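A single chain, nothing else alongside it, follows as structure tokens in the form predicted on its own.
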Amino acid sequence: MSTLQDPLTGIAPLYLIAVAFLTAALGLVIRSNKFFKVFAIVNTAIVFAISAYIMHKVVDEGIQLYFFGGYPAPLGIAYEIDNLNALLGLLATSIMLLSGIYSAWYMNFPRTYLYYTLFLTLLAGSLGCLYTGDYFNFFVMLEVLSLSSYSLVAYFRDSPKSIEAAIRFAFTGIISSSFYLLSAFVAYASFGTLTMADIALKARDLNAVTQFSGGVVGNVAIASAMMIALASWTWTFKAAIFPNYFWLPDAVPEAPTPISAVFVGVIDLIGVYGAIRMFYTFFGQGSIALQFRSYTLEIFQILGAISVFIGVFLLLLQEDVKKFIAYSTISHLGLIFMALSLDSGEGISAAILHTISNSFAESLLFYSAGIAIVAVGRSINTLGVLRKYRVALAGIIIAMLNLIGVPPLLGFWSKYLIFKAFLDTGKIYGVVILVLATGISAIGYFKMLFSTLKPVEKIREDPRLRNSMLADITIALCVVILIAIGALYMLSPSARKFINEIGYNVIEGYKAYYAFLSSGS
């Protein structure tokens, strides 16, 4: 573990928030849309480079720490970054950079500076949630993420559907965030701290006394169960898991297409990450909440399975391509939740790899279908227009094959890991669900592929269609990333070892996570 604090470890979310405010201010004096497009891409690329640097530091040196204001945890807010959140942070910035490039092609609307203000704020909230080691600071960054998300859904404010979707999304999101805030109150009242590592330590050793926060108070078992129950509502909402899945097919179609890709590629993984932290870092092996935790993981198995079948059956009925992708995402997130709730290192590793695979593949679908949406609309039956846009057509095909799990694409390896995790834990029903879901969803995916064969003659007059180079670059980059990661996992023993060890590090390495409490004291 690194005890020397690198300022870059804690700078990314603050930098993005500062840049977002600057973007809003510059919008009052600068009218050039091109300026804001370049400005946003450059700053997103800078943060991507920072996240890649952090990933490199974590791999080389171990857990990275940053104490804001120099105040040691648990007195102040700390960022603590291990293999898990470093990898997901790199994933989030990758998708956001791709969406930033795609936005430069897509955004041909007024108020572009407002769009990029919200875009950068959304990335700040996402990275803040992933990197923070403070339970309450997670809530703060979750609100930053949520408020920008609601606003982006309502970006086309002249559309009644966008406003209606944003209001419903915001209303249910506020309820979800309120449950998390209540869990933070419970955590502070019982554990005397909001530092995640401190909670993880005291949940396993009720006699532990740490500097500044002391020991536990009251019935910690009941408090822990309340935290799990309240926060689980937030995790299932953010990850669009039954019964909290309904916002995704409602909000995603009304958002600008680059933001639709961000919803399925970035925002959903916050719920996956939060669930892993709560059930393995806070209340994992040896914790006071072990029994209640086991019951909750079994419930997650059921909710995940229901989500899988809701997704695969409803995607078969969709004629709107954006809703189709939304339900596809729900089905894959259900598989991810089933895998992460197996209470095994292999299950967590499988969930993480499938999260990476699904994030890039579903985003790729939006990038590719987005050209058809601009050209003719959102109907699946008009995807044949992509025969004139070969890069986008190739993107649709690669994304679909990846989601089905065709080797050697990344989707095959992630589904293989899920399959193996089910077998190794004796959950044969999980294998059956995985096979059935893959077969049923393949019908929908092939239906979508066949629709690209139908000729479409009538195309809208849109200036964006005269030059789709930036959209093509985004699609090509996403395809290359998806194929490259799959090839890397297949050919590189070190890459397989890294992924496979993430789950075991989360389960068995919790001592390393809370050992930093003495660092900087």
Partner chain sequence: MSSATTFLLTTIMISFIINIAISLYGVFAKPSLVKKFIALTIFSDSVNSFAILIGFRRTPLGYPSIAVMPSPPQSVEDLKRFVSEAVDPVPQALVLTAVVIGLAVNMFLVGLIMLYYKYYGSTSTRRVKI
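Predicted, not measured: the structure shown is a model, and the values here were computed from it. Residue numbers count along the first chain shown, from 1.
What comes next is about the form predicted in complex with its partner chain, which does not appear here.
Enquirer: Find the only residue in P407, P160, G439, P243 having a heavy atom within 4.5 Å of its partner chain in the predicted bound form.
Expert: Result of the distance check: P160.
Enquirer: Here the chain is shown alone; which of I356, I380, I270, A154 has a heavy atom within 4.5 Å of its partner chain in the predicted bound form?
Expert: The option sitting close enough to the partner is A154.
Enquirer: Answer for A189 alone: is it within 4.5 Å of its partner chain in the predicted bound form, judged on heavy atom distances?
Expert: A189: yes, in contact with its partner chain in the predicted bound form.
Enquirer: At 4.5 Å between heavy atoms, is R168 in contact with its partner chain in the predicted bound form?
Expert: Flag for R168 set to yes.
Enquirer: Is L423 close to its partner chain in the predicted bound form, meaning a heavy atom pair under 4.5 Å apart or at it?
Expert: No - in the predicted bound form, heavy atoms of L423 and its partner chain never come within 4.5 Å of each other.
Enquirer: Verify the contact flag for M196: yes if a non-hydrogen atom of it lies within 4.5 Å of a non-hydrogen atom of its partner chain in the predicted bound form, no if not.
Expert: M196: no contact with its partner chain in the predicted bound form.
Enquirer: Each of F139, L147 and S178 near its partner chain in the predicted bound form, meaning some heavy atom within 4.5 Å?
Expert: Every listed residue reaches its partner chain in the predicted bound form, so yes.
Enquirer: Partner absent here, but in the predicted bound form, which of 160 to 168, 79 to 87, 339 to 347, 407 to 415 has residues with a heavy atom within 4.5 Å of its partner chain?
Expert: Selected stretch: 160 to 168.
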